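Coming up is one lone chain in structure tokens, specifically the form predicted on its own.
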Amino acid sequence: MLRLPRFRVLSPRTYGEAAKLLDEHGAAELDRSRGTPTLRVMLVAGGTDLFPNMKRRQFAPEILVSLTHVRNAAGVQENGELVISAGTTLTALAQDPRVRERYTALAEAAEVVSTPQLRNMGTVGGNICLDTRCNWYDQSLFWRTAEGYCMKTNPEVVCRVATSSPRCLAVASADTVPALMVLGATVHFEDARGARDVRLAEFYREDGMSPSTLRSDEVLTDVTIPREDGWRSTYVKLRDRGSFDFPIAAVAAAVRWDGRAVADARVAITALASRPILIDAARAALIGTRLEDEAIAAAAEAVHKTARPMDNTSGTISQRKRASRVLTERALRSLRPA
């Protein structure tokens, strides 16, 4: 049985207090030299990903700042735009009638994350900040000690997936992120000194060890999606087991109709690189069309060219790359007018 390391829990009542606790307790830089990346203090919301990672000693923080008791941490508000508090559970998001009707891709993505029990605990903020995954990284400390560390747990070791790679290739696999990206979402953060807003599409970077621009003293507080008429969206994914697995290839798509023509479009992929990607070439292939087969094929080809899966998760490279094309075609066909 894998057991949690010892840690202390602090429970702030506001996001501002949480940010101050991160600052006060010294969100020191990661020390990966012994195979267990360590931070003195980390945030925890639902804990559905962090606690398993701690059991595997992927992280061993001394202090956890729990967001469970933060006031107004959960909820969905609509007033010209949709504002989702970061502590909103994935179950609540999937079941919200406003989300299902107008932001369908997000509801579809939320309802296929893991199992019902974990969706009841997991939060949208936690999913946005989900750590990258890799077959060499997501193992117990005992396994990693015996088999050998990877770059993500010890930067002095070469990448086990591509030995000549100068960076970690661990893969992004959060379901809600591509859906939020095609819906034009913005994320909001607080730290001990102020706040900032970031377009979600600009939040991630192609680096498995540091996959986002989130600073160690920041707290994600909420997500905003603009309300725009005429959009239809969807999310589809491939996974080994249909009941609860992470995606090994996934596509979110959204199109805005102006009469019978596509006025705008967005297509995003995840689980095919170290970051989720909005694909501009797919958008260009769709604007001005009626989602004819030729337009869909052109967009799917753009996605296929962009997808760069590596041998670091379930499924073969060729299977996942082919899936990017198939999933794009399937998603876009579903967005045609009835």
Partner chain sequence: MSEFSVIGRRLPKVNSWAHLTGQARYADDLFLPRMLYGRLLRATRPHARIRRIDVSRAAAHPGVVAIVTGADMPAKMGIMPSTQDETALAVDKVRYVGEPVAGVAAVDEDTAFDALSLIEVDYEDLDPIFTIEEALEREDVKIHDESKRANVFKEVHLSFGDLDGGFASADHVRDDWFFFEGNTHAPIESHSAVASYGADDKLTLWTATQVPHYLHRELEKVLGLPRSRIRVIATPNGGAFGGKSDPFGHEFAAALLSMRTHRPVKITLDREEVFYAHRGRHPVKMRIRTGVKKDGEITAVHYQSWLDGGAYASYGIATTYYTGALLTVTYRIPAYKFDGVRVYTNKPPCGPKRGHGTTQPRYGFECQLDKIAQDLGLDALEYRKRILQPPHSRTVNDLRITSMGLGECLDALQRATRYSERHGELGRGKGIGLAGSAYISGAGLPIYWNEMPHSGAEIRIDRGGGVTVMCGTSEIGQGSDNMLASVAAEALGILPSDVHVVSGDTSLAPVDLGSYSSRVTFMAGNAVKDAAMKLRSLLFAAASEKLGVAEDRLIAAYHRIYDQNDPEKFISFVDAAVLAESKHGTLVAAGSYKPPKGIGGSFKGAGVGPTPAYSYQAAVAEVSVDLETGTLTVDKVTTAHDCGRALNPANVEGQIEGSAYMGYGEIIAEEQIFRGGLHKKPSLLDYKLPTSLDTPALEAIVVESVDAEGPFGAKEAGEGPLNPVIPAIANAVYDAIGVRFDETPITPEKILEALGKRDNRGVPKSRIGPDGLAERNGDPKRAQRRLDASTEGRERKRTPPLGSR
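Owing to the predicted nature of the structure, the values given are computational and were not obtained by experimental measurement. Numbering follows the first chain given and starts at 1.
One more form of this protein, predicted together with its partner chain, exists but is not displayed; see below.
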| query | From the list 136, 189, 231, 204, which entry has a heavy atom within 4.5 Å of its partner chain in the model of the complex? | reply | 136
| said: Among the candidate stretches 253-261, 213-221, 189-197, 142-150, which one is within 4.5 Å of its partner chain in the model of the complex when only heavy atoms are counted? | reply: 142-150
| request: Decide yes or no: are 57, 163 and 240 jointly within 4.5 Å of its partner chain in the model of the complex, with each residue judged by its heavy atoms? | output: yes
| message | Considering non-hydrogen atoms and a 4.5 Å limit, does its partner chain approach residue 14 in the model of the complex? | response | no
| said: Contact with its partner chain in the model of the complex for residue 294, defined as at least one heavy atom pair within 4.5 Å: yes or no? | reply: no
| Partner proximity in the model of the complex: residue 25 to its partner chain, non-hydrogen atom cutoff 4.5 Å | no
| Applying a 4.5 Å heavy atom distance criterion, does residue 275 contact its partner chain in the model of the complex? | no
